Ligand code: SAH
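Presented below, as structure tokens, is a lone chain in the form predicted alone.
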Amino acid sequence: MAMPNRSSATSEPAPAPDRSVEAFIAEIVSDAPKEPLVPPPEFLAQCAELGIAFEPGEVEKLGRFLALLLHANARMNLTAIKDPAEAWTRHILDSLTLMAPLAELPAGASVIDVGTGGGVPGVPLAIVRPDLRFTLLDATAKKTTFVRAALDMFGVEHSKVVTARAEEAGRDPEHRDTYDAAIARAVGPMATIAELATPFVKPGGVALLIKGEKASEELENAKAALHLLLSHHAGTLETPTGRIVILEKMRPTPKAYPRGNGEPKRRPLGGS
């Protein structure tokens, strides 16, 4: 399923982070724990139930990333979760539930993680699917600098990090209508994240949204938004950690979307 990683992640040319930010992240990484966090037994059992088979060394890399994430979280705001066992479930397992829908993508397909934050779900997926080309997008330079350092640490192939708002990157011809899939979690209500994520996806591609127990209610409220965005609900997958809503993009996103910075959140399409 997953192949051994070989080379370092590359980063897209972008406004360089402030040197103080780079130094801050470098200090965090240099002081990070050397030993990986060990997953609880139920994590491996749940992965087996999902049909996930790890290549040698991948679980250790996931444990090292989680150790780095929790270590960095003591210095910067990346996650509200501090318990390692809970983090294995809420961050790593939750990310890996996307493995099933991503299995439909061939080697070399492109995936963008919209609002990656501290690198979840993008970094865990890039570790176990190094055959895919991941782009990890976030508006906060401190977070993207951290994510870039994490990808470099694990030598993830064909991955890059972009510092930009989704509203702006979604209008950039380099990113608009170009990805085979967009992934996102904890970004906002369905109508909001649909407007932010679907512009990145090429017609015929999918947006895979990790949602919670209110997914059906959010979908109902987002019907008008999906119509305007020329996308439709292609299915919902139940997972051990929540639900994955699959939106299929039928045609290129209308030029009006995404709207300006903050508008998708302030005024969700369709009034949802």
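We number the residues from 1 along the sequence you see. Small disclaimer: the values here were computed from a predicted structure and weren't measured.
Beyond the structure shown, there is the form predicted in complex with the named molecule, which is absent from this document and is the topic of what follows.
In the predicted complex, the named molecule lies farther than 4.5 Å from every heavy atom of Arg171. Under a 4.5 angstroms non-hydrogen atom cutoff, the named molecule in the predicted complex lacks Ala87 among its neighbouring residues.
The named molecule in the predicted complex comes within 4.5 Å of no heavy atom belonging to Ser110. A residue is said to contact a partner when one of its heavy atoms sits within 4.5 Å of a partner heavy atom; Val187 meets this definition for the named molecule in the predicted complex.
Interface residue among Ala149, Ala164, Leu102, Leu132 relative to the named molecule in the predicted complex, by the heavy atom within 4.5 Å criterion: Ala164. Only one of the listed residues (Ala181, Leu98, Leu137, Val128) places a non-hydrogen atom within 4.5 angstroms of the named molecule in the predicted complex, and that residue is Leu137. Considering the named molecule in the predicted complex, the lone stretch of 172-180, 102-110, 151-159, 137-145 in range is 137-145 [heavy atom distance within 4.5 Å]. Taking a 4.5 Å heavy atom cutoff to the named molecule in the predicted complex, none of the residues in 57-77 make contact.
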